[in-house]
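First, one chain by itself: the form predicted on its own, in structure tokens.
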């Protein structure tokens, strides 16, 4: 299997009827992820024992799935290693994993992942775009900021928002507008 690279791969994880941005860690040929208690992802991994890493180059999808649930029409069923799993219809590629809880920290689950099946759905070339990367960073910081309003996180979100405005294309700016709307609604935070 080779769709994911050494380091932390930012993907949209799907579990049963759920999608959320996550990082799949690949170190020394071992895959893992961390799922926080109280999340649908952690609950579903505990219940069903699988997760799918969807490779998606849609910044709006990262923001949407970080803060809300997707409708059923976004998912499709696949078979992987004898399991019925769900992936995103619009994934450019995906890897299905058996998910075993390696450790419970009290705050999160450390999940060991065993690849079962992977597929490339699209051979789209996506050049590096600093705006896209900054949408991902701002979204990660925003998920933490909403739980714990912290001035350092606010500075980071604003910093990445300025990069999106400068370097992003229409999709990245749309994703930023959605993120800013969520931050304003949830905690009254403005990036500019």
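Just so it is clear, the structure is predicted and the values come from calculations on it, not from any experiment. Positions refer to the first chain, counted from 1.
The same protein also has a form predicted in complex with a small molecule, omitted here; what follows describes it.
Student: Report yes if any heavy atom of residue 129 sits within 4.5 Å of a heavy atom of the small molecule in the predicted bound form; otherwise report no.
Tutor: So residue 129 does not count as contacting the small molecule.
Student: Are any of the heavy atoms in residue 34 no more than 4.5 Å from a heavy atom of the small molecule in the predicted bound form?
Tutor: It does: once the small molecule is placed as it appears in the predicted bound form, residue 34 has a heavy atom within 4.5 Å of it.
Student: Decide whether residue 40 counts as a contact residue for the small molecule in the predicted bound form under a heavy atom distance cut-off of 4.5 Å.
Tutor: So residue 40 counts as contacting the small molecule.
Student: Whether residue 21 contacts the small molecule in the predicted bound form should be assessed with a 4.5 Å heavy atom distance threshold; does it?
Tutor: Although the small molecule is absent here, residue 21 would touch it in the predicted bound form, with heavy atoms inside 4.5 Å.
Student: Which among 120-128, 51-59, 140-148, 163-171 is in contact with the small molecule in the predicted bound form, heavy atoms within 4.5 angstroms?
Tutor: It is the stretch 140-148.
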